[in-house]
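One chain comes next, on its own, written as structure tokens: the form predicted alone.
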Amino acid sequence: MKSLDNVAKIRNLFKGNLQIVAIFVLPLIIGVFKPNYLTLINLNNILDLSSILIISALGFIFVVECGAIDLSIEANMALAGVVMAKILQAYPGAGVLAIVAAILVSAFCGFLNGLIHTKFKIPSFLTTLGMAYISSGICTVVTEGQYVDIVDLGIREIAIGRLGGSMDAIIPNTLLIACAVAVVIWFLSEKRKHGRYVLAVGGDELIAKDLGIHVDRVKIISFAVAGATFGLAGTLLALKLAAGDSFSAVGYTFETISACVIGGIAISGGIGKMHKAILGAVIITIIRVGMVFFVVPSNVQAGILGIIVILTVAATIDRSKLSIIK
């Protein structure tokens, strides 16, 4: 009987830390077939690539914990990249101020998402889908369908540099920035009322209102914070690519949502932890890079990732708490 209890404890421990297990097991499995996957150079690539996704996922968790959705992620990221590139083009000495301006523009887009969603009672997926088209349209008009080059190597070093300045260093600057964003999100989640309010709103809006929580304000702040993180992610991506354009962030909406889902954050709202989004982002990057090593076509990669997301939701969702599937 005692042995059965031990087995149950091990099973529950394994199930509760499935994402952590995946982060260690997946590279080993891929490495069996592709030994180069386990090199320090590739580890650096995974850390670098996952950092931008981690940043966007960290902001998105507030939205999804509210029980809402944001489909304007990649358009918001692209807009931020274009805004920054245009400012640097017009004012070459703007430096970090161009990044700050781009983040503020993205935060304002997020603010508008929250405002329209709450005040006009429009479903979040429709509101943010509309904002995605608006942002994409602005990018296309501003860039005229062309790349806006970023030639300042000094400002690009923020995204392409590594700790210590050496190209052989393992820790990329983007990972340090992602860690800083994680600290801010952790502070808002754990040390401020906003984190508790978000979970309360996602759990049941009516009860949250009865408790005196300003639901609309919580949602607007959540969308604005998410917009700011999308903007930061977009500027880093543009700096890496040395250009801002309308299509630089294609796929990030799906991958950001997938990071949260695979990490174990309830898409229905009310349940979520910051570290789960981080783990989910790393897992997606591990899989993405692995598929590149196996020379899987990009369109097939998207299909495989979609299957993984569906299977993850099917395996982890608690159907006992859902009387109706919408």
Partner chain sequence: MNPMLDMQKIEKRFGPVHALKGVDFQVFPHEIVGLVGENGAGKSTLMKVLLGIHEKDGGTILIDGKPIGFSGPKDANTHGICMVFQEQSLLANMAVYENMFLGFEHLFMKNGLISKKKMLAAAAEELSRIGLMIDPDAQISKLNFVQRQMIEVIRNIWKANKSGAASVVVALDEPTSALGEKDSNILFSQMEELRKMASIVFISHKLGEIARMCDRTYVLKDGENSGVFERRNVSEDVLRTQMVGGVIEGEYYLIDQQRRPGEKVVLEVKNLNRQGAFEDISFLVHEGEVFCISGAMGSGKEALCDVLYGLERYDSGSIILDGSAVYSKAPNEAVKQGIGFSPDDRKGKALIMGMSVADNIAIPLMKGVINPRKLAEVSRGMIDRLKIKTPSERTLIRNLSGGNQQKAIMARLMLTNAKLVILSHPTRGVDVGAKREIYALIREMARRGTAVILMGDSFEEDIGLSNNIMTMKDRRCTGILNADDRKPTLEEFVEYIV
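Worth saying up front: this structure is predicted, and the values here are computed from it rather than measured. Numbering follows the first chain given and starts at 1.
The same protein also has a form predicted together with its partner chain, omitted here; what follows describes it.
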item: Residue contact check: Gly93 to its partner chain in the predicted bound form, 4.5 Å heavy atom; value: no
item: Exercise: Lys86 in contact with its partner chain in the predicted bound form, heavy atom 4.5 Å; value: no
item: Gly251: touches its partner chain in the predicted bound form, heavy atom cutoff 4.5 angstroms; value: no
item: Partner proximity in the predicted bound form: Gly154 to its partner chain, non-hydrogen atom cutoff 4.5 Å; value: no
item: In the predicted bound form, segment of 201 to 209, 239 to 247, 225 to 233, 134 to 142 with a heavy atom within 4.5 Å of its partner chain; value: 201 to 209
item: Contact residue in the predicted bound form, chosen from Ile213, Val105, Val181, Leu71 - any heavy atom within 4.5 Å of its partner chain; value: Ile213
